[in-house]
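Here's a solo chain for you in structure tokens, the form predicted alone.
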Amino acid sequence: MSGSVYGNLFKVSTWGESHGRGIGVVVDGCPAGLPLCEEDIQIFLDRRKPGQSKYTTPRKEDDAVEILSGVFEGKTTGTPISLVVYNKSQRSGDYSEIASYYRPGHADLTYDIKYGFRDYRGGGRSSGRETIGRVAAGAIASKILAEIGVSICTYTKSIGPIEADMDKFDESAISQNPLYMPDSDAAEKAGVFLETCMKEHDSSGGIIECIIRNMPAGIGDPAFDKLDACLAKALMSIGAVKAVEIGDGMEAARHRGSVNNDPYSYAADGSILKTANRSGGILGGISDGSDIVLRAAFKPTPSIAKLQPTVNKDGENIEVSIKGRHDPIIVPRAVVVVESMAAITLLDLLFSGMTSRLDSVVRFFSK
């Protein structure tokens, strides 16, 4: 299987399956000298681990990370960093039945078509546990970004029909409710909505929004490696993401140019400012120095106990109720996954951008 490596200069290779011995990642391209310990990574992993609220799968995993290489005396050595999280709460027997049929909304059929074989225990590589490696790598990328002042704020924008009111935006509230919403009232309403879904053996989708602050201008390329194209690929590579928006996104299609364009003005110090940010901080595929705003739309969790029609390998039409331990909504645990993929992408393009101007190269290597 190809396609498990992401990035060029900051390169991430994830490995492992949901019900295998463990999940991990190798990070290559991290500069030497970054202070790094397991706790730095664990903080990120704790945001996505299961069993933290009634809105997540009851599968109990500590998701404790171990650093196997690339760190010595508390600092990165510049060599590949290998990280592992061992699986400790597999119940593979919960999945033995699904070997004979194809679950609606899952990759079962496409895996069989592509490989002629699939790991049916929890979905194998298509399982959400694959994102452990992404989040571990994202923790490292985020720490490097923080060194140059780049910060990322990520949260649940909506769950089902319930949307956070941005006029009530409270960044401190994000970590204070299990749904990671910046609007406490909306979080309460979303909780009631999810309770109804759970009682009806159903699930819900939602939208995650990500705001990247203090991103330097001039990052990204004008053709195939546009910053927004790279971010879109990164987010679309997350399981269950069905759409990505930058700035006004789909809403821009309803605007006239006079409304959609971001006007410029000179500040008192002579610098150029944008008086709006409908473009989401990216123009021509290149960052313009304003906040980068992006959104990822997640489909409902396909594993539901509600009866659904499908087919089995014996050529029969059947109805199935999915057993096992599953999230009624993917979104809250995916907030940190979106943030991590954004961080990895930004850092990789920042590294690439260091050679885009001769004066930058001369300045870097001048004594």
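Just count from 1 along the sequence shown to find any residue number. Here the structure is a predicted model, which is why all the values come from computation and not from measurement.
There is another form of the same protein, the form predicted together with a further copy of the same chain; it is not shown, and what comes next is about it.
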property	result
Every residue of L45, D291 and S321 near a further copy of the same chain in the predicted bound form, heavy atom within 4.5 Å	no
Contact test in the predicted bound form: G220 vs a further copy of the same chain, heavy atoms, 4.5 Å	yes
G206: touches a further copy of the same chain in the predicted bound form, heavy atom cutoff 4.5 angstroms	yes
Interface membership of M236, a further copy of the same chain in the predicted bound form, 4.5 Å heavy atom rule	yes
In the predicted bound form, E316 touching a further copy of the same chain (heavy atom, 4.5 Å)	yes
Within 164-185, the residues that have a heavy atom no more than 4.5 Å from a further copy of the same chain in the predicted bound form	none
